[in-house]
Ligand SMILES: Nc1ncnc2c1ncn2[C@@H]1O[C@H](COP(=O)(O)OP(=O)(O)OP(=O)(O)O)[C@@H](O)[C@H]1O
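In the block that follows, a single chain appears as structure tokens, in the form predicted alone.
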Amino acid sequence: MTETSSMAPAQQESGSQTLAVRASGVDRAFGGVQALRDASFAARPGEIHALAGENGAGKSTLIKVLCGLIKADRGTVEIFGTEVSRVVEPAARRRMGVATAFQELSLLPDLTVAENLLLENPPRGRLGLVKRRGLGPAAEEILGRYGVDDIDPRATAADLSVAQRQVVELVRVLAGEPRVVILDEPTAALADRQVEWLAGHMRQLRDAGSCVIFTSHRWREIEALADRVTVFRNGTHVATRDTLSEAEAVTLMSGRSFAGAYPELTTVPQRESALRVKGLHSGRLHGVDLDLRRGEILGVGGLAGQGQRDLFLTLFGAQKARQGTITLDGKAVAIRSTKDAIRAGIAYVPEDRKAEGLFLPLSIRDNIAAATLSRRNTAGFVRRGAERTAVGSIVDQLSIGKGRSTNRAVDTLSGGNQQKVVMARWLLTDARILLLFDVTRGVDAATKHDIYELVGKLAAQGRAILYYSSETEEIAHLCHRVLVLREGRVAAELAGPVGDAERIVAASIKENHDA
């Protein structure tokens, strides 16, 4: 492993070939929050360069400065040797060959796919008028050129899935044949086959001499794609390396040392059953049986869309079961609503924290306290002192917000801290059964490790945890046992920790797998 240099990358490469992108001494603050602090970054033509860091490390802010969406308070930005620091205009950067796809999708929802793809450069006829009849065929040709055959150019953007909208956004960027491509969390919403599709095009761009800069919280993607990795922490450059292991990256990102990517399972589940399900039919589920014991982390694996979400939503009362029984601590219960589930001591932490887990306009404290207000209610009034004490304790325990006031709006937090807020809310309820559905999606490597350790501690306390992740490696290393779902049924039960994600994948696709 070689480290490029301890000095700033822009400084280090000043005497080398013309850089595709160079930022030097960049500061950017939003109110009292310093997002970038003397930040530097450099990327070459003909490379794929990963930008890594914790949520809130300044990656997205740097990207917005590089593409001209916002102006730096101080510092310089160069594109192929031309200083562009004073020109804050994305269109001007695009004319220089810089194209960006953001994590927050920018498609216009009421326009068709064709209209979105050709918004800036539609087909024109005589007198320069837009040929509306030509939009569909032109968009179809563009989609076909990039191997996308499952999206109708006549469809309205609002009617597409999140993954399909992300693909359209990426095709729009690729179609401009840019010299610099900046991708902010491009794979967060994509299925595995779509990730492979994007990876192929990223490599083609690199091989053609373009510079590709991308961010990702999936370290396996960084290892597979990046020629170099730059790590940011607290708004500034920490290191640029040719190769970097996940454990080293977590240390660089957070300033903390970890023994490994996953904590060891040191506890043994109790014999008592906490949650037992028999013959559950709901949504895509067809006769699912499971037995979750106290102190156990029970993983739910399988290819995406095999009924995992239906299982979690049904157990939380957000989706009705057609048939089947649910038993808690040996007693049959009827879970007809989320209120029934909460009363029974079941908590659900979803993957989409913003849409399903948080009240974004409210404060951190109000979000955490939302599920336990009745405990601190006297004659219709909330005892704020008791609330502050309870919330403060759980905030300290989970290290939420690094000392920020709990009165701040929750939408000011990074994605990882927002996920911790959702978990903190349910931990305050003393729920005995935790349904954790893809809770590490979209959070940085250091925060993932915090969540892994928290899950292990909760199991050690005797809580029963049902755990699903879109990253099979997590399930393989974190769980005492793994149930693999295929077509809404339990296809295999694997004793854990499985350790090898390939065993779970094999059980997902083989009709007769010997567990």
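Predicted model, so just to flag it, every value in this text is computed and none were measured. Start at 1 with the first residue shown and count on from there.
What comes next is about the form predicted together with the named molecule, which does not appear here.
Visitor: Which residue, G307, G415, G75, G295, has a heavy atom that falls within 4.5 Å of the named molecule in the predicted bound form?
Guide: Residue within 4.5 Å of the partner: G415.
Visitor: Could you work out which of E140, E185, E387, D438 is the residue within 4.5 angstroms of the named molecule in the predicted bound form, going by heavy atoms?
Guide: Going through each option in turn, the one that passes is E185.
Visitor: Contact between H217 and the named molecule in the predicted bound form at 4.5 Å, heavy atoms?
Guide: Answer yes; at least one heavy atom of H217 falls within 4.5 Å of the named molecule in the predicted bound form.
Visitor: Find out whether any non-hydrogen atom of E54 is located within 4.5 angstroms of the named molecule in the predicted bound form, and reply yes or no.
Guide: Taking the distances in the predicted bound form, the answer for E54 is yes, it comes within 4.5 Å of the named molecule.
Visitor: Spell out, yes or no, whether the shortest heavy atom distance between T156 and the named molecule in the predicted bound form is within 4.5 Å.
Guide: Contact check for T156: no, nothing within 4.5 Å of the named molecule in the predicted bound form.
Visitor: Would you check, heavy atoms only and a 4.5 Å threshold, whether A35 touches the named molecule in the predicted bound form?
Guide: Because a heavy atom of A35 falls inside 4.5 Å of the named molecule in the predicted bound form, the answer is yes.
Visitor: Quick one: which of 57-65, 42-50, 459-467, 485-493 gets within 4.5 Å of the named molecule in the predicted bound form, going by heavy atoms?
Guide: In the other structure, the partner sits against 57-65.
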